[in-house]
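Each of the two blocks below gives one form of the same protein chain as structure tokens; they are labelled structure 1 and structure 2.
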Structure 1
Amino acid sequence: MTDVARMRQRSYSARIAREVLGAWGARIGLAWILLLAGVAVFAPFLASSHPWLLSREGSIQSPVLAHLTAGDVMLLTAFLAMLILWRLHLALYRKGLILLAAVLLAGLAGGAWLKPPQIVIYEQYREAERAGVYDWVLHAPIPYSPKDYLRDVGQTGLQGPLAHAQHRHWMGTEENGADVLSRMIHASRIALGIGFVATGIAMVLGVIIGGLMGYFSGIVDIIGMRLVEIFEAIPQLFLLLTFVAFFGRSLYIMMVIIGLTAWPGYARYVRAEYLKLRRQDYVQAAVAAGIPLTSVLFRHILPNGVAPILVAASFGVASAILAEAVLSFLGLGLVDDPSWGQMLSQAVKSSTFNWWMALFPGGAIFLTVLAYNLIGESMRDAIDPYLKKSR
């Protein structure tokens, strides 16, 4: 069989995925995102003051498991479900529904059965270990939780990497004395979470509104375009600042606002694709066969016009991460939870430049945004026929 015949046998999505993964930029970007996702999923086991295992008077306990939350269980379940679904020959939407159901069930079960302590005393394990209470202790690779401010050690705020002789901090400590590497690991959850959730909200709104505009055209298109122009005129950052000032700092409010202000771009892409595809023979045949409108819109037309949306989504995730980082850098992000932008704002304190607080959080933001942009550019190059002809 010739190469041309093999290419024709592959589906369109398989050919695009093969071309995207053939680009070095996309490979590097995908490797960084996968590394970040793995770190985010296993963060409680990678960086925690609660030991993995300890033995006390012959009784073996696992404090890290006792402090797992429903959110931790949901992330672990999502990771395991994706590994299992990866090899199953099911339609993509079926895999998505199974994954969603598994995550929701895990969240409900975790919320019902897991009861982590409300007040956490991080130094109790260190003090008991120094007193010789335990027979043996197995710690996490980074033995510090992101909110463990090392009160039992003394003043450890803004110490450089490996500055403390007894307690090693590979990336130093932040202003309150917490380990920077631990906060970097746990902050990856917030960065990925706000990127995917905010982009997901924007994509759903953009697909629905853009699809209706493109399919019906006429007066629906005119009203929809005016709505798009109104939302495009809303400054996202000022709206975020206003909501934070009135309703307080909340990650969920940030996700919703970024999603509600980012959908017009997706709506424009979807509208253009639907205007092009609505007169195709297979769409007319589906309408003539009496198939419901929702099925025509989202089952027959959408799969053939979804490629440009995926390109825009990769850039959208990067923009959402940057928006959260900017807000945290300005001191209007999350208060106690770790965030790359909030750590970056501590690079200059009392006229002193703390280089580790600029290098590590700033480098993580730069690499994550760069990774999404590399993937997005590779997808655009693979999808755009004019770029292929010009090579």
Structure 2
Amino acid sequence: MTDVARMRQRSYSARIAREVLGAWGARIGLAWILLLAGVAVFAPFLASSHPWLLSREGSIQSPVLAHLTAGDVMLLTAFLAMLILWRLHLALYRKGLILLAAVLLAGLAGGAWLKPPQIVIYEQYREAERAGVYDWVLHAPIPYSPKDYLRDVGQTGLQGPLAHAQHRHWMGTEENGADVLSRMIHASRIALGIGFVATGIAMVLGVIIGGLMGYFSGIVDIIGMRLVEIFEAIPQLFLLLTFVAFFGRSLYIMMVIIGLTAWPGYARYVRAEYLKLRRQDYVQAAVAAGIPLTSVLFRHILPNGVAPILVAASFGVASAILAEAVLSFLGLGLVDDPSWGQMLSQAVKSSTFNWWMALFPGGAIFLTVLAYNLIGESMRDAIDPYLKKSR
């Protein structure tokens, strides 16, 4: 690629990025996602029964740090690495490699060094504090862990927001007595993770299958389109239900399955783009120059057809988050971890209607889906040349 071409490419993507970021809808959406990402990364510090710092008989301890898991460390490292890499001038794939290496290293180091206790007793800090064992304690902003069922308090379960004077629950408690806000903060990890990973899987599958279909057309296209049709003719939710009901309920299986059921949409988009682009001169030139097929497909054609795929991906993340919420709502979600959809289903499960269980987790799903939809909308507006003409 010559310098001129590189400059041109950069200016196009920069222009699109500027246009997207200029729209107030995308700004709001992005702000919410960033906030959520921050909350997800720092969840163990934001909402935890383990105090940040405490002084016990003259020695200072930090139970929060002692209870960090390898996963937490990996997320924190990823966040810090992204913050540092943001400003560095490096090629995108190099940044990606450094990020991946940092996260892997952190995971390995965390797995080797961190030994969080197997059995966690959340009540011990409150009991010790009441007994006056600590000199001073610095609590997390929300001093409840998601699975802290407040057994020491006695009367637990389903209390409205701020119902209890001593134990303040900003968003009430769920049926076992755990703090709703804390559970929501920790569940944001699941929502964001599912959204990104499932969409990533669907996108990779869609790009490969759709790219092959569009590039070769003919018999490959016919067979591929039948495949797409088959997957589209089964209602996605129903396929998901079948998968999850028969394959068990792990977070990773759920990510893979949502990805596996979402690819036909991307395949359609990619196919249309490739059908359009494959007769272009620069593609013909690349083929004539003897460049290997994968390179033609993914390094020459893909960057030119990536815009509509990114738009679809933004909406796709929203629908992946929704899919997870629906599965959890129907009682086919994760068993032991809190998730927004599962909390929402608790709102009507007991004999009474608990508005805080509906409004807060449901509102979180709504805002996250809205944020991705807003970003998708402004991206679509930015890349649509027709709309620009008509403006």
Partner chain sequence: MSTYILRRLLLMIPTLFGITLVVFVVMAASPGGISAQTLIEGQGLEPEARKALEDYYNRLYGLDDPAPLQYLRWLNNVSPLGFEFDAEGQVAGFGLKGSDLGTSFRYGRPVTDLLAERIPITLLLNALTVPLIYVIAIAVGVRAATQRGKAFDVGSSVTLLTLWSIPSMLAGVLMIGFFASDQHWHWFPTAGLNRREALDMPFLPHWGSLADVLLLFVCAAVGTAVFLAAALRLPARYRALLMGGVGLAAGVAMARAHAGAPDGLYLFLPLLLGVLAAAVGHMQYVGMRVVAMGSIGLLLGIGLAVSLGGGGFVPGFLLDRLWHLALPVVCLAYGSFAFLAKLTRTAVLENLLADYARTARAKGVPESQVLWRHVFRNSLLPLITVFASLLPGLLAGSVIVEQIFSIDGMGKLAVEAVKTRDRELVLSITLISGLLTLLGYLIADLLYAVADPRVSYD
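Just so we're on the same page, rigid core means the largest C-alpha set that superposes within 1.5 Å between forms. Remember, it's a predicted structure, so these values are computed and weren't measured experimentally. Residue 1 is the first residue of structure 1, and the numbers go on in sequence order from there.
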Structure number, where the criterion is the form predicted alone: 1
Core fit, then Gly96 C-alpha moves 2 Å or more between the two structures: yes
